[in-house]
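Starting off, we have a lone chain in the form predicted on its own, written out as C-alpha cells.
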C-alpha cells in the first residue's frame, strides 16, 4: 500500500518564513518512521496513517503555537492504484472489511476518547472520498454518523464537514475517518484545511 499527504502551511504574518521553518522541525521526531520531502510548494509525508496523522498534528500545533493566523492545507491518499507499494506504509490501522460498520464506528469513537490533548485549538474542515464502485455512499454516510458522535463535530457544510476542538482529538477524528471507512485495499482520499488563530473568530 501507499499512504501519504501533500501538505502546505500558510502563515498570515510578515514572519512567515520563520513560522514555516520552525514548524517543520516538529516533524523531526517522526522522520525515522516517515519519508519526508519538502520543496517550494509543499511537503510530501509518506508513511502509515498511525504515524502520519500525529506528525500532521504536531506540525499544525507547532505553527499554531506561534500565535499567528496559520492555515494547514493537505491532500491525503491511501491505496492509490497509480502509486507503487512502499514498505514504509505497512500498517495494521485500516479497518477489517468484514467488520460491520457499527463496530468500526465504535472502534473509532474509542480511539478518540483515548487520545491525548495537545493544548492547542484546531478548526478544521474536510471531505472524505471513497473511490471506485460499490457501497461508497454507505461508507461516507457511516463516517458522517461517526463524526456527529465524535465530540469534535461542529457542523455540516456544503461539500465538507467542520470539526473543532483540541488538536489532539481533532486529528484523531481525522485519522479514524481515513482508516475506518472505505475498503482497506481501496483508494481513499481526504481534502483537509485546518485553521488557527483566525482574526475572524475574535
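Please read these numbers as outputs of a predicted model, since none were measured by experiment. Numbering follows the first chain given and starts at 1.
Missing here is the form predicted together with another copy of the chain; even so, the following discussion is about that form.
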Which residue, 113, 127, 90, 106, has a heavy atom that falls within 4.5 Å of another copy of the chain in the predicted bound form?
-> 127
Is there a heavy atom of residue 118 lying 4.5 Å or less from a heavy atom of another copy of the chain in the predicted bound form?
-> no
Though only this chain appears here, would residue 31 touch another copy of the chain in the predicted bound form if you measure heavy atom gaps against 4.5 Å?
-> no
Hey, in the predicted bound form, is residue 71 touching another copy of the chain, heavy atoms inside 4.5 Å?
-> yes
Is there a heavy atom of residue 22 lying 4.5 Å or less from a heavy atom of another copy of the chain in the predicted bound form?
-> no
Per contact check vs another copy of the chain in the predicted bound form (non-hydrogen atom within 4.5 angstroms), the hit among 56 to 64, 22 to 30, 165 to 173, 41 to 49 is 41 to 49
Near another copy of the chain in the predicted bound form, with a heavy atom at 4.5 Å or closer, the residues from 1 to 32 are 2, 3, 4, 5, 6, 10, 11, 12, 13, 14, 16
